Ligand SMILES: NC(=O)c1ccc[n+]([C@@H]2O[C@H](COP(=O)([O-])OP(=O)(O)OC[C@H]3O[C@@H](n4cnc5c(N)ncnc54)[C@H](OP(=O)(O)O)[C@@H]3O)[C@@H](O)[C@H]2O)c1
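One chain follows as structure tokens, the form predicted alone.
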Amino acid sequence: MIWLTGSQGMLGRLVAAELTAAGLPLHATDREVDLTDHRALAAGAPPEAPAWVINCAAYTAVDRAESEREAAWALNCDAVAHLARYCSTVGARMVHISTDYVFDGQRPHGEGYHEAAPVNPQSVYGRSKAAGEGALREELAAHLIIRTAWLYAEHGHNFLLTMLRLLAQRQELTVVNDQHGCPTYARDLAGAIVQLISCLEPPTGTVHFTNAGVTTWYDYACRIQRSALELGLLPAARTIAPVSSDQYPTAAQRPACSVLECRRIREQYAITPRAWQQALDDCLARLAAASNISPGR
């Protein structure tokens, strides 16, 4: 039995689909179980003790977290600690999803963060996620933390869908071009999670998973438009203008370069992430198919 929390979120929906496709028994919960309350958490747990808990529940509103610190901390730290204690009690292992925002982003362009690099979050969101990692390590030895970055899918709230919407509505957009990272298709991450928990030797510690390559938000947006036009998802090309982060201020400070080194997951678990461009094109093709759009239309 696997208990999946956050099952209706962007990543959780895809993890649920991957688990079901793999024939793994699943107990899926979402907001109906308040993970920030240990009594409610226990009441919402599966009747049969799970072998794994996969925690996809998170507070991910990065800018809003600056003014909603308690809410971010409750879900990204306190809930993680409650889940870890539950796992310790019933003998379950736990997978927890974390983020590149635990790093300060000050590494030179092209140098990725490895799993043991010191964390130094610069936002409330990042600090709450780093605190959640720490709580899990303290409460449960049988854990796996998976850090990822720039997550998107064909559903939910994410940069890809925001760009498609704005490109359909506006004549011109501005997108920052001095923040470097790697877009990650949540479907690929979901597949990696199921591969990891299916290993003969259960993985522990921390691993990084993103799609392969490095880009900026601006170049990512340009690639979205180019591929979406080819698939008929957009009516016409729009102007996308690059701007610096100083020209596009946000409530939360973003890492300037948050590239994650994914060597451990490749070398120890034989999981090789595909290029971010290939993954993006796959996601857009799925969107076009769902919209009954023929390529090139």
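The structure presented is a predicted model; accordingly, all values stated were derived computationally and were not measured. All residue numbers refer to positions in the sequence shown, first residue = 1.
Keep in mind that the form predicted in complex with this ligand is not shown, yet the notes after this line are about it.
Note on contacts: among 148, 179, 211, 123, the single residue with a heavy atom within 4.5 Å of this ligand in the model of the complex is 148.
Note on the partner interface in the model of the complex: the residue among 257, 58, 262, 228 having a heavy atom within 4.5 angstroms of this ligand is 58.
For this ligand in the model of the complex, the listed stretch (231-239, 266-274, 27-35, 246-254) containing residues with heavy atoms inside 4.5 Å is 27-35.
Proximity to this ligand in the model of the complex holds for none of 88, 95 and 134, with the criterion being a heavy atom within 4.5 Å. At the 4.5 Å threshold, heavy atoms of residue 279 stay clear of this ligand in the model of the complex, well away from it. When contacts are judged by a 4.5 Å heavy atom cut-off, residue 283 does not count as touching this ligand in the model of the complex. In the model of the complex, this ligand sits beyond 4.5 Å of every heavy atom of residue 222.
Although the partner is absent here, residue 194 is not a contact residue: none of its heavy atoms lies within 4.5 angstroms of this ligand in the model of the complex.
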